[in-house]
Each structure stands twice: as C-alpha cells, then as structure tokens.
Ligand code: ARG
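Shown below, as structure tokens, is a lone chain in the form predicted alone; questions about how it binds or moves come after it.
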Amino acid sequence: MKKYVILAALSLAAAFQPLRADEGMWLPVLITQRIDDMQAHGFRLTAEDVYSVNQASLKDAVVLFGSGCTGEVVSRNGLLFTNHHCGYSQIQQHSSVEHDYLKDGFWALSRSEELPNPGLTVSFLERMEEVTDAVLKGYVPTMDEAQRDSLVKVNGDAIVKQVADPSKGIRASVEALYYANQYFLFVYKVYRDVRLVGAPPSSIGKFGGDTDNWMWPRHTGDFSIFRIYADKNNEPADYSEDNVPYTPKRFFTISRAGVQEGDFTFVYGCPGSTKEYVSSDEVRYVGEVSDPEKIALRTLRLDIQKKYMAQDQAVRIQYSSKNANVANAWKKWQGESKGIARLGTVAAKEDYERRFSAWAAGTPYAGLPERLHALYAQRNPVYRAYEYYVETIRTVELLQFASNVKSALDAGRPVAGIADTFFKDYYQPIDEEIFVAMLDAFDKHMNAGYKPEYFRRQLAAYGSPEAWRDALYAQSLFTDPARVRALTPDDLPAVTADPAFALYDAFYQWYRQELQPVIARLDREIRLAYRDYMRGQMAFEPDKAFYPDANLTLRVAYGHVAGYSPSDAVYYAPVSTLKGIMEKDNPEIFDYNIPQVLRDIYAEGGHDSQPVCFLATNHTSGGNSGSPVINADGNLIGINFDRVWEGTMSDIVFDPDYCRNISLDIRYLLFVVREVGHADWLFDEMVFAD
C-alpha cells in the first residue's frame, strides 16, 4: 500500500512542473496547481472561479452532453449551446420530408415550441476527488493482476454506492488515471428533460461537409441550441409538460468583443481519449496499419452511401447522421496517420525508449520497452483481425439488426419499437451494396488464419459475395417490417435459423471464442506494463509535466489564439469570415450550397468581416465537441468543434506548430440566430459582457 501512496505523490508532483500553456488536459480539482501559469499567460480569474465545491464556479456551467459531447449553459433559464453535430441525431429524429429540419433548420419562437428528446441527458459535474487510497485498500504486492482488478472493482463499487442516488439523478464513477496509478471519483447530477430550441440549416451547421471536415479555413456554423428542464424544485425529472426551465448555479456571460491573435483562451470540456504515453509499437500500429486500413474500408462505405443519398431526398435524411458518423473518424484518421509520419513519431519514441532503457538498467523499470515490444508482437495480428471484423461485418445494418432483435426476444422484450426505429432510417439497397463490399474486403485482405470457418464454407458454397447477398436478403425475415414487428419469443427458432442472424452470430462466436480471450489476456499484460512504464517515465523525467490521458471527464486546456503554417510559404490566419463562405458558395455542390437567405443578407452589404470561426492552441480531443471556449475574463467567446487536419495526431503526440483547435466564433452564432432564425427572443435571457 505504501508503494502506491508514494507513486501517487510522485505523479502529482510531476504533473505540476512548468509546461507551455498549449499542451495539457488538466483536472479542474487540481487547478490551484496550474493557476499561476494560467495567470502568467493572461488569465484574470482565480482558481475558485474555475472550480469550486463551496460556491458556484465555471464548472457549474459546463455539461457532458449526451454520452460523448460537451455543452455550456448560457442563461438563467437553462439555455444550452453545443455543436450542431452533437445535436444532429436529435435534429434528424425530428425531421421528415414534410418538416426537414436538417435542410431548413429549426427555430422555436416560444418555449411551447421547444421539442423533447427522449433519452437525451446532460450531466453536471458536482465534484471530483482523489480516492486512490480507498480504491487500493487491502492491496498487497503478492496479488496478481486479476486479484487487483477484482479488489479495485469491489472498492470502487462501494465508493460509488455511497454517493450515487439514481432517484435524485446523482450518478458517480471511479476512473483510473495514469494507467491506474491514481483513481478519482466523479459525481454528476443528470438531467433527463432536454429540449431542442434551435438549429441552423445543415447548409450552415455542416457547411463544407466532409470536404472541409478537420480543415482550415473553416466556415461551419456548428451549433445547436437546447434547453434543460427540471421539476418545480429544480431537480432532474423525466419529460413532463409541468416541468420548468432549469435554473443553473452558474451560466456563461457572452463576450461580443471578438478575438485577436495572441489572446488567452481556455477550453472547459470533456475530452474523450488520448494516448500520449504509449510506446513506439502502439504508434506504429496506429499510423501504419490500423488507420490506413480503416480509412480504406470507410471510403467504400461512404462512397456507397453518398451515391444513394444524392439520388433521393428521403434517403439523404435517413442516412445523413449515419454518413456523418462514418466520415468523422475517417477524415481524422487520415490526418493522424500523416501527422505521425511527418513528425517521425515512431522514430522519436524508439529513441526515447533507448534512452529510457539505458537509464532504467538496474532499476525496477529495467526491460519495460522490450517487454511492451514483445507483447505488441503477439497482440497486433489478433487485434487487426478484430478491427477488420468491426469495420466490415459489424457495419452491415441488417446483421446488427438481427442480433438486436434476437437479444430483445431472449429478454422477453417487445420488438415493435426496435423495428420502427430501424426501418425509419434504413434503405436496403445501400445495405446490400455495403454487404458485398465488406465481405469482399474481408476475404481479400484478412489472413487465412483469421477467417471463421463459417465464412469460408458459405463463401465457397455461394461462389461470390454477390450471390451470398442475393440469397440472404431474399430469404431473411429481417427485411420484412411487418413480420419483424410481429415476432414473439415463440419465434426464436426461426430467428436463430435466419441467414442474417446466422452470419452475424458465426462471426460473433468466432470473435468471442478465438479473438477476445487472446486480446483480453494481452491487453491486461500491456496495461500492467504501462502502469510500470508510466511510473518509470515520471521517474526518468522528473522535471516534465505529466497530465493524465483524456477519458471523457472534465478538463481544462489553455492556450492562445494563433494561426499556423501547414507547409512552406503558407500561413493560415486564425479567423475566418462570412466573405469566405460566399467565396465557397456553390449551389451545384451539396457541401457548399448555402441557404438563399444567407446570400440575400450578404447582398445587402456590410458583412464581409463578420467572423465565423477561429483557431487556438488548446489541446483538445473527441468529446471536446461543444466545449465552451473562454477568454481571460471567463466569458464565452466560442464553441469548440474540431481540430485542424494536420494536428489530429494530438491524441498521441502534441505538436505546438501544427496542433490547433477550431472554434465557432460566438458572434457568428448570434448573427445566425438573429438574421437567419429570427429567434432573437433568446437574447433577452442571455447576459452580455460587452
């Protein structure tokens, strides 16, 4: 036990050594250790203003939006901003050919017009605290990893049970940091009645589409507006017409002063996942194997979806959200793999490991890079097969649907609702063409030793993926909405025998029996090696700041407004304007076809310099989408929504010359709300600093 107390203290001490403002994702509860550096870079508030459990602070205006984005409260009546792409599925669910809110936008002109969103939640962080000693209570060095994991789970569950109260909307979790060298408790209050208030047309909210995604200059009005509702006591409640707007502890004041290059900025949000401290073997696999192969597979799917979406408006609505979800990571992986190669990250990691090994000789950390290298050599071929399975077989919608129905019937749940949801956004010709492309790719590119016997046998019997498709979609009951809706547990034999379920299940059983045990065993050994390696890195570089990898918990990242130079003789200024939108406007290209109302507004004159987006050096990741971007006085100046393509390797290695986060300028949000949505009634409840 004493060993882990010492190590926790070591990691905390290392975390607070000086580091340039641009890099790092810092825990708000420990912000007192960073506040001097923040203030040295221009911040004018105190640590208590950023995070406090004794008084309202900025943390109380930030939410985890849904399960993977961030949002910010901007009025005393629970008004909330997030990204358009974060609210996209809700906007899409409310859309139809008759009321196409994706195409035309949606603007409630009174609270009675705000639309409920079943299942959508926002979570406020109540507090966080270190609980390492409590989580590791009872640990002794003679325990193996399985015993340690079991102990951690029991102790962690006990901690959560003490504070969680679902009846009051209180959720809690214990999260491991620094590869389980430290543990923190996070306590949230979760609100369940969140209503759509406004969203621009997709031609504004997704302007530039996949073409501009992850790129600069960016001109995307990536925002949507929601409102949080509560019961009469301001407590979480299910949707009810009797609910009232939530009254927050704190909400953001909005600055209309704008930004200048060099201005202090900080992002307060929930970054999803980073791997800053991994070995060269992990980086090589990501940059040279995983990313390129997943890019190729997703290109096939995207091309198929886009072909049909371009032919039919109804199909475009059905697949807009799906296509965006596929494309987002696809584009990010391209920048990530190129960034890893450009920076020579693998070679740099190898050099670091050589120096580490020389230093570690004769210490408890000796041999760790070599140990990791041997483990990755065993893991990577198996993990590649798993990733290929996920990106091929698991992407065929009919197969996944068959599995979902089977699970519902096994549990005795009705399937009519599952069927309604599925068929609302399903277009069989797309799925059939993806079926052929994915099975063909799996057959051609997967090593023979990693092909399930069922797959080999069936493909040989049919002779081609096309023939297999023709038979499967003709015979499967899952292509018939009425038949699926009528299924009961008595029909389980027919469901199990269905060719769609049989194919899904054959691959799942292959994964579960042949891949998962190997991956799980090796991942446990790799995690254990990283736990030691993390401590070793901190001991090897005692003057370096080590911030914990992102895990979708609340963090602060601070930096400044800045442009960048992506290549020789090219410099990108940090602010884009409405003039740039008009320069890209093209009615013949879907991604660049802006709404006519925006053309009309621009034609009136005087809007050339209207700001749209800006760049800064804040260290962000997935999950930071929708995060508030705040100025030196703590006022809202923007909404984070992306990173530049050349800097997407920041999940693995941060390069201050290339890594830039892209944010919507809050002034463009206000411009669109007023000029396009004519919803300036919302301004009456906002507070402006200038």
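When you see a residue number, it is the position in the sequence shown, counting from 1. Just so we're on the same page, rigid core means the largest C-alpha set that superposes within 1.5 Å between forms. Because the structure is predicted, anything quoted here is derived from the model rather than measured.
Not on display, but discussed next: the form predicted together with the named molecule.
- Comparing 635-643, 37-45, 23-31, 56-64 against the named molecule in the predicted bound form, the single stretch with non-hydrogen atoms within 4.5 angstroms of it is 635-643.
- Contact with the named molecule in the predicted bound form holds for none of Ser403, Lys406 and Asp410, as no heavy atom of theirs lies within 4.5 Å.
- Scanning Arg555, Arg301, His85, His560 against the named molecule in the predicted bound form with a 4.5 Å heavy atom cut-off leaves one residue, His85.
- Residue in contact with the named molecule in the predicted bound form (any heavy atom within 4.5 Å), chosen from Phe264, Phe442, Tyr183, Trp214: Trp214.
- When the named molecule is considered in the predicted bound form, Asp210 lines it closely, a heavy atom lying within 4.5 Å.
- Looking at Lys206, you'd find a heavy atom of it within 4.5 angstroms of the named molecule in the predicted bound form.
- The closest non-hydrogen atom of Ala230 lies beyond 4.5 Å of the named molecule in the predicted bound form.
- A residue is said to contact a partner when one of its heavy atoms sits within 4.5 Å of a partner heavy atom; Asn328 meets this definition for the named molecule in the predicted bound form.
- Taking the named molecule as positioned in the predicted bound form, none of the residues of 652-690 brings a heavy atom within 4.5 Å of it.
- Core-superposed comparison between this form and the one not shown: the CA of Ala164 stays below a 2 Å shift.
- Residue displacement note: Ile594 has its CA displaced by under 2 Å between this form and the one not shown (rigid core superposed).
- Shown in the overlay between this form and the one not shown, fitted on the rigid core, is a CA shift at Leu302 of 2 Å or greater.
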